[in-house]
Every structure is written in structure tokens, then in C-alpha cells.
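Only one chain is included here, represented as C-alpha cells and corresponding to the form predicted on its own.
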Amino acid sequence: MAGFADLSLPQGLDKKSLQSLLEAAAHLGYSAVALNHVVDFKEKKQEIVKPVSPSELFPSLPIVQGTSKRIKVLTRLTLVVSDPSHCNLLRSTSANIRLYDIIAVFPKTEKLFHIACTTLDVDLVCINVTEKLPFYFRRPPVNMAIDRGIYFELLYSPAIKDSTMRRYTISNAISLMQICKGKNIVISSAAERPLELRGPYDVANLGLLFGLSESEAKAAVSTNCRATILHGETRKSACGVVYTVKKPRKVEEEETPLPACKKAKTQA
């Protein structure tokens, strides 16, 4: 299994708070995290700036518990889109956008959700968990996103903070599971404090509440996160990334001895 990852830690915090979050994530066993820079065009006109290098923020990264490796810090850009014109930025060849390891989009309407799933070159589509969805998920765009290697992200920290958000989180997640059948799901924290972080296995247990199976819930914090990161590398290189997974040999595929009569005919 790939290492555990949390692909959404807010970048807007001060340096000391970010260091505390990183240390907590490494202590819980996460091998990779992504610092999320959110751009909401509805609030005010914002420009997409270059991502801050993790080496500039953190002179030394904490070591992941149970390993001798240091935690890996990635950069992520999330665009909150509420108008189709906001999507033009993703279609353009902006130099700053290409510098981010992961690109996510947070669509506010059904039309924008359809555009994000079918045409936009992104790695993640964020699902709203803080309020009731203004639209229903439909199978064609969701299936097209899965075929394109795009993943859907659910956040769990709002469910910890507030009981009303917990109800919306579970309700919206189950609505998505009914359409995507548990495929291409990533669960992240968006934690602003170390106390809001949960261990990977606790997050996998939360995935069971969202309607995921046990294997799908574990993949949502491990292999699916790795696939999202690789999808981002493919997008940046405009070429491709190949990685191998060892396939277990099934019992039925093992060679069975031939009967004596058939063996004689074969030898003849």
C-alpha cells in the first residue's frame, strides 16, 4: 500500500501553526501533505501567485513516525468557481498554475460541476460539505471524471467542528457514493489546528460513514492520494507517469496438473 497522505492543509496560517500541523501529521503517520492555497474569485479579484517553496517555509521537515523518512510537502491550488468565466483561467497556459503540484476546483453550481468533470484539466474536484448541495449528482459527468483520472475530495474537519455540518457532510458524501460507487474518492482534513487532525485509520473509519467499503476507505487516504499526485505530475510534464503495482496471483490461475491421458497426447 502507498503511504498515507492529507492533501488539504491551509497555507494561509502563520509559520508556527503550519509547523505544528506538519509535526502532528508526521506523528500520526502521514508521509505526504499538501499546502492548499485557495483563490475565490467571488470575494475579490485575486491573482494566482507562485507557490511558496516548502524549503523556504520549513528549514527542517519532521520525520514520519515509524520510518526514517521526512514528510513530503506538496503545493496545491484550489480555485472556487461560481461563474463559467472563472474556468477560462484553468484553460489558459498560466505559468504560475503549472508550478503547483496539485490543482483542484470547487464548483458552486451543477453546470460548473459538469464542466469541471468533463473539460477542465484538474486533479481534484472538491465537494461542498458545509451546506446542502444546490444540485444532484448525475452519472455521466461523474463517470467521465473517473475515466479522466480525476478524483473527488471530501473534507472531514467541518464534521468535527459542528453537528449541522456533520449532517451535511454525511448526506452529501452518501449522495456522491450512490453515483460513483466509491471510486476515485479522496478524504482530506482541511485542519487549521493539530487537534482537528485524525490518524489515517480513524479517517478510514469515517469513510465507512460516508458509504465507502473498508478497502475503498483505506484507499481514500493512501493509494487514491498517490494517484492524484501522479495525475498532477502527468499534467505538469504534459507527457505521462508510469508506476507499477504488484498484482497478487489468484488461486484459480495456478497451473493445474494435466490428467495422464491428456499428458500422453501432449507428449505425443
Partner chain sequence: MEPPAVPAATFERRVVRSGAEHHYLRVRLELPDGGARPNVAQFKQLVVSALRELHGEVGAALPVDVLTYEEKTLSAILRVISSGLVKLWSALTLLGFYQNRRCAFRVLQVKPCGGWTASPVCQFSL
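Here the structure is a predicted model, which means the values were calculated and not measured. Residue numbers count along the first chain shown, from 1.
Another form exists, predicted together with the partner chain; not displayed. Remarks below refer to it.
**Student:** Let me test this: is every residue among F135, M144 and K181 within 4.5 Å of the partner chain in the predicted bound form, going by heavy atom positions?
**Tutor:** Contact check failed for every one of F135, M144 and K181.
**Student:** Mind telling me which stretch in 101-109, 123-131, 67-75, 187-195 gets its heavy atoms within 4.5 Å of the partner chain in the predicted bound form?
**Tutor:** Of the stretches listed, the one contacting the partner is 187-195.
**Student:** Tell me, out of A116, M177, V81, A159, which residue has a non-hydrogen atom within 4.5 angstroms of the partner chain in the predicted bound form.
**Tutor:** After the contact test, the surviving option is A159.
**Student:** Please pick, from L206, L35, A32, I229, the one residue with any non-hydrogen atom lying within 4.5 angstroms of the partner chain in the predicted bound form.
**Tutor:** Spelling it out, the residue with a heavy atom inside the cut-off is L206.
**Student:** I'd like to know if R148 sits close to the partner chain in the predicted bound form, meaning any non-hydrogen atom pair within 4.5 angstroms.
**Tutor:** Judged by the heavy-atom cut-off of 4.5 Å, R148 is well away from the partner chain in the predicted bound form.
**Student:** Taking heavy atoms only, is I63 within 4.5 angstroms of the partner chain in the predicted bound form?
**Tutor:** Heavy-atom contact with the partner chain at 4.5 Å: absent for I63.
**Student:** Is L28 a contact residue for the partner chain in the predicted bound form, using a 4.5 Å heavy atom cut-off?
**Tutor:** Yes, L28 sits close enough to the partner chain in the predicted bound form that at least one of its heavy atoms falls within 4.5 Å.
**Student:** Quick one: is R166 in contact with the partner chain in the predicted bound form, heavy atoms, 4.5 Å cut-off?
**Tutor:** Yes, contact at 4.5 Å.
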